[in-house]
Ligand SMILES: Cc1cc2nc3c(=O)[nH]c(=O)nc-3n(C[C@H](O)[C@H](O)[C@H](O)COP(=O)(O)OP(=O)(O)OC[C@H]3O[C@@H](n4cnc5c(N)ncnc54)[C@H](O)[C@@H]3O)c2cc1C
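Next up: a single chain in structure tokens, the form predicted alone.
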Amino acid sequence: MATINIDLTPEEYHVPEQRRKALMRKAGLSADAAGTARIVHRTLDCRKRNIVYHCVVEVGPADSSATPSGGNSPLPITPTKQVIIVGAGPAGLFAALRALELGIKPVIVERGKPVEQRKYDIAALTREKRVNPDSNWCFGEGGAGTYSDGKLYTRSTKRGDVQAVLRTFVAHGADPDILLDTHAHIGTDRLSGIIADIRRTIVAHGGEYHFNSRVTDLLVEAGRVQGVIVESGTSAPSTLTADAVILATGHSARDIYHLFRRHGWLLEAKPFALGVRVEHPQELINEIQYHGRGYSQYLPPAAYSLTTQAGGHGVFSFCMCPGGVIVPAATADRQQVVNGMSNSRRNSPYANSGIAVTVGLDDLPPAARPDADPFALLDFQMQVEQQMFHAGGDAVNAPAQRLVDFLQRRPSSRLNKSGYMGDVVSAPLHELLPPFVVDSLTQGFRDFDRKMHGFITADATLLAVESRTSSPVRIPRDKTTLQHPQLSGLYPCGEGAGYAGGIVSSALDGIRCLDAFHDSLL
């Protein structure tokens, strides 16, 4: 088996017969050769006018093109060993799958609903502006990742086997093409079915689920976590016990942080990022990225990734959604939060991306950051979200402003059409956002326009506020055992604990925590 690099034009790549001929020719194989040339990785390069797919191609025997299978086969459950996993997002689900592989019973406790039922609460939020604090765009089976586009790109390649995570998604219904892409993407419309299929795998091999079950406390004896206390609807609190607890609650489960503060358990303030969603016509982004019109037949809706420095702050694009929509992502009353998502076809007429500014303790006024207060940045995050709720008319409406008006520090007398799943309200974001965020965004947008000429346009709209890029609180853990320093048997995990930043990195962290628990049993 040999590996070679081959460039294909978009037409050569997407027309099957042309792709076969181009691969064979460029691999040096005749049309009637017994061998095959199989693409194992692809990257779309649109930096120059001649756009190409950079392909890594395996050349070998004709029977070498089988798609890799999923993870290891689950082992029989050992009845005396089980782990409670709090949260059914990517970290929790992949911890559960890894537990099954190692013969440990996973007991998943999820505050929200199964993914099939969760959609009704999301519909109520978008249409009736009612927030269910336990079932929304962030909470419920699959976590926030289920409704945030399904992007599978990560830089966390040293944390574990990224391809094994992708193969697991494929084994549960994802398009095998995600195994090839540098920036793999599933799509919100397909993720729901995949998450449900993962649940069926977990249950079929001995795992256990508790939906509509909010963890309100930990059972601790002599410094070791023995289980959790759970409230479910109007029922009396119940107790679940296990050999360990993996805490994978996601970046918006603020009640868990308050639980830790109530007990005096260690927490840390963690820098995060805050900004806006910027929305452009997708056709404009295509034109900029593809150097003119006429490429749409063989190219996907164009994406972008931008970063710069402004006034000592990082400014960067986050969760860019080609052909996507913007959604209301609040998790409680009197909050206004936005996020972006795309379906698998990415066929919305709009492109949107979070544009976020890094926020640290030094950015807060001295009175707002008392020494060692782990809640200082969380309080700041909450204050901005509440202010945006008020700016939206004390409702789940998105305060919005045209980009050109924001840069000119003037209110928008009219707004562009938007893909926001709700109502938008004209608001002076240049006055409402913290001044250092406004200044950093201003410089950032101008830098981005130099990199993508046409980015600043009257057709672009800012919607607020993009504030859930990551958790502003970290639950500390030992670097070796991955357990909380004060609570043995507790494994803080994923985005909510401050150790991941997306679907794949969360999945890898869930696997790491389960492996650490398994190692403690040896």
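In case it trips you up, residue 1 is the first one in the sequence shown, and so on. Note that this is a predicted model, so its numbers are computed, not measured.
Just so it is clear, the following notes concern the form predicted in complex with this ligand, a form of the same protein that is not shown.
A single residue from the set Gly354, Gly207, Gly392, Gly145 has any heavy atom within 4.5 angstroms of this ligand in the predicted bound form; that residue is Gly145.
Put simply, of Ala95, Ala400, Val86, Leu441 only one has a heavy atom within 4.5 Å of this ligand in the predicted bound form, and it is Val86.
Mapping the unseen interface onto this chain, Arg111 counts among the residues with a heavy atom inside 4.5 Å of this ligand in the predicted bound form. A residue is said to contact a partner when one of its heavy atoms sits within 4.5 Å of a partner heavy atom; Phe272 fails this definition for this ligand in the predicted bound form, lying far away. Among residues of the shown chain, Ile503 is one whose heavy atoms approach this ligand to within 4.5 Å in the predicted bound form. Contact check for Ala248: a heavy atom falls within 4.5 Å of this ligand in the predicted bound form. Stretch-level contact check against this ligand in the predicted bound form with heavy atoms at 4.5 Å: of 447-455, 336-344, 422-430, 280-288, the positive one is 336-344. Contacts of stretch 314-330 with this ligand in the predicted bound form, defined by any heavy atom lying within 4.5 Å, are made by Cys319, Val327, listed in sequence order.
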